[in-house]
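Only one chain is given next, in structure tokens, and it is the form predicted alone.
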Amino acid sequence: MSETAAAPQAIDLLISARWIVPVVPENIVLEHHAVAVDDGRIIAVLPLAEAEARFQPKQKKALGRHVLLPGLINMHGHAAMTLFRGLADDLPLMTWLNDHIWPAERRFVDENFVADGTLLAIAEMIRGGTTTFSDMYFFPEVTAEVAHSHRIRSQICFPVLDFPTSWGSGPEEYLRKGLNLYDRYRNSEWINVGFGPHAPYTLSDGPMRQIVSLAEEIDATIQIHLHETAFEVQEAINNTGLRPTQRLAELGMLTPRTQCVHMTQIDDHDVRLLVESGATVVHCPESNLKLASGFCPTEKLRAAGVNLTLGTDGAASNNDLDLLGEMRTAALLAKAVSGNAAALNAHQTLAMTTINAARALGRDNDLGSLETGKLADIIAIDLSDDLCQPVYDPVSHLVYSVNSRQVSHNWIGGELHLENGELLRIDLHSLRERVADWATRIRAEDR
């Protein structure tokens, strides 16, 4: 009696492409392979011929001259500040903040501002290949709700400062509201809530200690602006006798759960503290360049074993949320700062926006690479453009040649959000009208 071949396995989706960059294993590019997806997760990455024999997909997407890779993770931003994009360019940091951004925030930031600004940011990020973003801004419950309703993953770091803002009266209220937000999303696949102590110069030791204790108790992340400018570091030394990293270390705030944003002004002792603590550095090269804040020595940190990730910062100081552009800037800047043309190569740079970021979030079992069992957060980038030819190394192209307009598809949990460059789940017409209204009001007030 002859054996009967097994019937193909029914699955939700099969995506094939000319190239696949799984990120893990590292330094690998697969050709003529496919990713099989079922129930929102990757169930196989395998040669196309084998995939076609093994699976019977409900949907099949064949992408000829494209590269598939994990969805990008933007590790730092202030999503609602897209509504301040271009408001006050080409100004020194403190003039930018004191004379324009802070007054505009006091006048305009409320729940509606955050809702519209966050949705504008989400549209831009999905369009550019981002599938997870980290945010720190006022009314974080609104940001979380907008992200959740539009099915994009996010880390929401609720702000904590010593002084009142439009969101709260001080540390006690910020922590109470933030912990309520944590409780709301504690079991969510989409939203992770963490602590956002704004910066060492805006928060005193008492609330810092509370955050350390609470974060340990609930195993939550902490994200903080740190060593952003030389002025910040010198002022800390003048006021406390300690560099900010040393102060945080003594308070117990530097841990593997801590994400240190910017880090443009660091010495060897700071590097040792980062290595010993296991803290992550979130590099925001374009924002730091635009505000003349300084240069994060990424190659030095990478060589020391520090987990490096990338963020765009807010659109008010960047002025976009394009992680592909951020990768290129990071790679080029690393070479110039280190004096080493081999510093931060293309694969290492891509890892900063994928698997390294997933590790920082504590979600590397689910995110950051195209591996069996992980969530199906997948993007496709079209490399067929004549201006991108020839393609010798698709990873090199991702870092040095492509732009966000070449992102063609974006799946989050196997759900298609972007198809052939068109957003499928956001009403752009209505959003444009609301953004235009905000711009008119903000422009009139800023004059």
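It should be emphasised that the depicted structure is a prediction, and the values quoted were computed from it without experimental measurement. Throughout, we count residues from 1 along the sequence that is shown.
One more form of this protein should be noted, the form predicted in complex with another copy of the chain, which is absent from this view; the next part is about it.
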(Q) Among the candidate stretches 39-47, 53-61, 386-394, 408-416, which one is within 4.5 Å of another copy of the chain in the predicted complex when only heavy atoms are counted? (A) 386-394
(Q) Is it true that 83, 91 and 339, all three, sit within 4.5 Å of another copy of the chain in the predicted complex, judged by heavy atoms? (A) yes
(Q) Please determine whether residue 295 contacts another copy of the chain in the predicted complex, using a 4.5 Å cut-off between heavy atoms. (A) yes
Q: Mark residue 255 yes when one of its heavy atoms lies within 4.5 Å of a heavy atom of another copy of the chain in the predicted complex, and no otherwise.
A: no
Q.
Would you classify residue 280 as touching another copy of the chain in the predicted complex, given a 4.5 Å non-hydrogen atom cut-off?
A. no
Q.
Quick check on residue 335: any heavy atom within 4.5 Å of another copy of the chain in the predicted complex?
A. yes
Q. Looking at 175, 161, 289, 237, which has any heavy atom no more than 4.5 Å from another copy of the chain in the predicted complex?
A. 289
(Q) Under a 4.5 angstroms heavy atom criterion, identify the one residue in 367, 306, 142, 120 near another copy of the chain in the predicted complex. (A) 120
Q: Would you give me the residues of 317-333 that have any heavy atom within 4.5 Å of another copy of the chain in the predicted complex, in order from first to last?
A: 318, 319, 320, 328, 332, 333
